[in-house]
Ligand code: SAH
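Taking the form predicted on its own, here's one chain by itself in structure tokens.
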Amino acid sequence: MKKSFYGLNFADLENLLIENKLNPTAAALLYTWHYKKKQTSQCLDNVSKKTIKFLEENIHFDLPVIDTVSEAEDSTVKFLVKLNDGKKVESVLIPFHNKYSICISSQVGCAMNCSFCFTGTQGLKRNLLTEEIVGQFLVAWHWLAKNRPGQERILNIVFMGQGEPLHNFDHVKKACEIFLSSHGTSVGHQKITISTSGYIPGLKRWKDEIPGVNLALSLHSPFEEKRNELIPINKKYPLAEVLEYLDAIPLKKKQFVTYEYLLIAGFNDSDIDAHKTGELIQGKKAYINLIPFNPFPGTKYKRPSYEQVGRFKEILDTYKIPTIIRGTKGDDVLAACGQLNTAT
């Protein structure tokens, strides 16, 4: 069975060439051709006939296929991406100043069963392979090049789509290595963010294995009882233990841990919740993203008023914690935070 080119990090590709008595310098040529130049055809320039023959017989360059595209009024784009086995995932392009962030999925479905997340209602189907993660980025880039020429600038990658990224640690790690490679897409460390619900087996590996990218924790409540309802794995991996692992992660000079706080009307948006959150995060090298809840079919939760969101931020500001309110984008096509689902 042929291997996917997009499942090989740079070292993998070099080693594969060496093992087959081929010139490893072809690795840089191939990475430049398929990642920097975004070419999908076979690279023939400066590559030996022997290497070309090996690639034709052993490597494929297939990308996932875009099944459907949903464009929101605010120019957010949601892709339903079809994988080789027929399963599907969603990824989202989020616009800012004629540039984009891409929200990537790491699993088909999710095992975490978070009550505020539409993905959690479909359960976990399987992990995505490295090439399926990287493929989401590439097919989105090609869509932009064709449909919004001149705007094919995807500067940020966030692992905040379907799935718990640290539950699929090995493939997410390798995808990051590919994105970061100077031979390939050359995305900066500070431009990649991996979000976690607090999956400690992955956090234990983070310090030594994840190559310096940003980490975001789905906090959503400083109170164990409320967090247990929102994020059921909190019962197994309690917040206090999660924070110990986060505090032990070495951060670069301008690097912070992001604490994501989903505000739900009448549940976790009170002054008491805000003060307790401030006390919990105060003094850490961190900032907080406040996310007004995005409704989805069947949910019991409601979005708080703009005034209440502002009040929550004002209280956090008194604790000298950098706090931003994340604007909602793409909710008219169920592309906003917590709204992705491919169960049907």
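Residue numbers run from 1 along the displayed sequence. Keep in mind it's a predicted model, so treat the numbers as computed, not measured.
Keep in mind the form predicted together with S-adenosyl-L-homocysteine is missing from the figure; the text below concerns it.
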| property | result |
| --- | --- |
| Contact flag, A140 vs S-adenosyl-L-homocysteine in the predicted complex, heavy atom cut 4.5 Å | no |
| Partner proximity in the predicted complex: G161 to S-adenosyl-L-homocysteine, non-hydrogen atom cutoff 4.5 Å | yes |
| Non-hydrogen atom contact E177 with S-adenosyl-L-homocysteine in the predicted complex at 4.5 angstroms | no |
| 4.5 Å heavy atom contact, T51 and S-adenosyl-L-homocysteine in the predicted complex | no |
| Which of 29 to 37, 294 to 302, 64 to 72, 279 to 287 sits within 4.5 Å of S-adenosyl-L-homocysteine in the predicted complex, heavy atom basis | 294 to 302 |
| Interface residue in the predicted complex among N268, S91, T130, S197, criterion: non-hydrogen atom within 4.5 angstroms of S-adenosyl-L-homocysteine | S197 |
| Contact residue in the predicted complex, chosen from I157, C117, V172, A274 - any heavy atom within 4.5 Å of S-adenosyl-L-homocysteine | C117 |
